[in-house]
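The chain that follows stands alone, in the form predicted alone, written as structure tokens.
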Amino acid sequence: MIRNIITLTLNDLAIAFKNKTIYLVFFIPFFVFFSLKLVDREDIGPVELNIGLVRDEMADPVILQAIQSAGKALTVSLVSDEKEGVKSLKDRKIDGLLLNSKTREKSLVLVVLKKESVVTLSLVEVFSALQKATEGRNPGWISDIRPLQTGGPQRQTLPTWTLMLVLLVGFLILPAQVAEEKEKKLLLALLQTPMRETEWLAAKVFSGMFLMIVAVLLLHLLGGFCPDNFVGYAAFIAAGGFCFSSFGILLGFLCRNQAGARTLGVMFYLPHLLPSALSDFSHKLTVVAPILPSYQFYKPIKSILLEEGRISKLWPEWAYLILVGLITLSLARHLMKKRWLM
């Protein structure tokens, strides 16, 4: 009995090695560990914050002198105008932007990405301490906090869930479907008919896009969310659907069977998901993530949903997604003509 159990166990492990499933045991923990290493870690000591000031617009010299004397707790970056400061804030080059208040003298408006964040709380605490040390118990210098990203936690996490659904279809469902048709010789049988390779590829792309659109639509219906810029949002969902459907078809052609396709899909799924989704929490990841197609999809939909972004300013990302989709679809067509691993 024990011999049979050991034999079956070794057989299962051999199948796992043959199907490359065992690679996930090593790949997933390693990649998650590597991604979390890039996330900005909170030190036990004081955190250095970077505040943006509009050049030549800080009216009160007392406040300016207090900020400049804050030492390592607060560094200052000068920007030419409010527009440049907002762009630096979105790019995470600064943690907050100070503007003069138009409603109260000797007070400031603090512009941040998210109002409910540790960075915003730290900035408020630093300015409160500076104000008390300089002027005692006078009214606080910061009279208003203006976040760039609005909405509650559900809306804040909506871009991440949308990215997860699109990548799930593109990297896990479609590759397995393509590999299954190859493994069961269904694709070879279809190619014996008058059907052309281009027709089969177009059908696969449309089916993938349909699944992604239905999943995203269901997510919005259940959450009761409706983007203000519906046309721009729909354009990016369509472009992302085309890009990742084509990518998934290519991955399916690179594998001989379903098990290999699932393994390869996960190995592409995590590197596209984690750096993009975690880029909000790390400046390091904002440097690494832009090379991925997933970030060129995630950043625009986050801008449209949370920051009232317009497609007129996001067309380079849209064109990038279409270009990646065309390249991967062309490679898939080439492998299909070669009858790769069929």
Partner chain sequence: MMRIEIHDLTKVFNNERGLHPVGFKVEKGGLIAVIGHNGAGKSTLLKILANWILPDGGEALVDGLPLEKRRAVARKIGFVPETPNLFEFFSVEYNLKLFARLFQTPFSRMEYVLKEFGLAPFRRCNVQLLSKGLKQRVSIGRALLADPPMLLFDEPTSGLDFEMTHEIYRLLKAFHAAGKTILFTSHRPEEIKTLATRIIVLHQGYLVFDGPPDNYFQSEIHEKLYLS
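The structure displayed is predicted, hence computed values, not measured ones. Positions refer to the first chain, counted from 1.
A second form of this protein, the form predicted together with its partner chain, is not displayed here; the remarks below concern that form.
Interface stretch in the predicted complex with its partner chain - options 74-82, 180-188, 89-97, 267-275, non-hydrogen atom within 4.5 Å:
Result for this chain: 180-188.
Although its partner chain is absent from this view, report whether residue 196 comes within 4.5 Å of it in the predicted complex, heavy atoms only.
Yes, contact at 4.5 Å.
Would you please decide whether residue 192 lies within 4.5 angstroms of its partner chain in the predicted complex, comparing each non-hydrogen atom pair?
Although its partner chain is absent here, residue 192 would touch it in the predicted complex, with heavy atoms inside 4.5 Å.
Can you tell me which bits of 321-342 touch its partner chain in the predicted complex, meaning any heavy atom within 4.5 Å?
The stretch touches the partner through 337, 338, 339.
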